[in-house]
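Form predicted on its own, single chain, as structure tokens, below.
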Amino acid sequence: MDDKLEYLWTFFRRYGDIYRVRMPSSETDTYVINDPAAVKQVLVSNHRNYTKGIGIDRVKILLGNGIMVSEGELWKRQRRMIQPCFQRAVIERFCSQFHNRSLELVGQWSRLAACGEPVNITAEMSRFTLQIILDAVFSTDLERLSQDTVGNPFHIITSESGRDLRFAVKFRALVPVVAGLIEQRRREGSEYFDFLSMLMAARDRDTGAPMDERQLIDEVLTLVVAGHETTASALNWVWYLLSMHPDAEERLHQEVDSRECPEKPLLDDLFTSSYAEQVIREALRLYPPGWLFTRRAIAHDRLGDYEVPPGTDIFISPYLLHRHPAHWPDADAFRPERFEPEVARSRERYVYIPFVAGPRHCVGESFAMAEMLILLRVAARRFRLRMAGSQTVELDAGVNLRTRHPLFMQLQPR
């Protein structure tokens, strides 16, 4: 286990659901909370008392002042302007793109399977999810962009695994590229169905003003990163868990074989009593990509028996919360049936937060879930995936919860 996760587990077992840690570097207290009532208080009922906490400055270097890091009135305005991009009707139009890209990937896998070579599934999911989000953000301009820059400049996201200052500097070098696309679209007046056009057309409901250019670029780059990183990590864990649990895989195969796989999937069909959805949600429980997030108290609060002075940092770890033995029987076991509708409804709301909760709930949840569901259904019709050779799976709790090393799998045609 990653050292950071090991420390959190050790303290959780020793001190319980809420505990306080003294930070020598800043001489301040940090609270770690694993109690659903306290989680609800920080994220929902008293959310106005909390801003983003430790680590947000590093994220700002990467994403500027996009929706993931902005606060206050700016965040409210941007959230209102971005929200329409993720309406049901919009996501449903994207679903045919998800389906086509999934078919392309499966076709590539068929050729690889014929050669008997193992597949780097970690790299495959990274490339797949990057292509999906770039399609959604830039549509046909992506091809023109690749020609103009001699290759897709966004491939830095998949070619560089580190998420440090060096990567942030390289990524921010894409600002002029996005600015050039925006200017070109304004000059040509062309119509596109993609996030970039939606954001360019968005207007503040109070003033009627558009986003200024810097804010627009920050939101575009935020969508690219957020739409790739977490989904790639989640799919990597999905394939790993299915490969280790053939009974669950067999049940998934029975479901996908019994259902049609239309070229234009509808969200109702994707999410209605779907075992595939249960598989994904259970993978997100065991290995939430956003394994830790932070908040900082603006004014005094009280969490359980603890006084929370202004400026106190709060750590919330979905990884710990999702494995809390009081809320999840046999918590380390992979059991997709935990997310059968009746079972899920009976569970306390704030013990499961892979997409956070409250006003800062991830705006792209339905987009990501639809993308993952379609790929899972298309690929599971054609293949079984099995871990290749002897591999040790280690956790890497960095920006996202990833496997420390790529996973290689054998593709077994069905």
Ligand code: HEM
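Don't overthink the numbering: it's just position in the shown sequence, from 1. In this text the structure is predicted, and so the values were computed from the model without any measurement.
Below: the form predicted in complex with this ligand, not depicted.
- The stretch from 255-263, 107-115, 219-227, 238-246 that comes within 4.5 Å of this ligand in the predicted complex, counting heavy atoms only, is 219-227.
- Distance criterion of 4.5 Å from any heavy atom to this ligand in the predicted complex singles out Arg79 from the list Lys170, His324, Arg185, Arg79.
- Comment: this ligand is not present in this chain, but in the predicted complex one of Phe86, Phe193, Phe271, Phe334 has a heavy atom within 4.5 Å of it, namely Phe86.
- In the predicted complex, no heavy atom of Arg377 sits within 4.5 Å of this ligand.
- In the predicted complex, this ligand sits beyond 4.5 Å of every heavy atom of Phe315.
- In the predicted complex, this ligand lies farther than 4.5 Å from every heavy atom of Arg345.
- Of the heavy atoms in Met387, none are within 4.5 Å of this ligand in the predicted complex.
- Looking at this ligand in the predicted complex, residues Lys4, Tyr319 and Arg402 place no heavy atom within 4.5 Å of it.
- In the predicted complex, Lys52 is the single residue of 29-57 with at least one heavy atom within 4.5 Å of this ligand.
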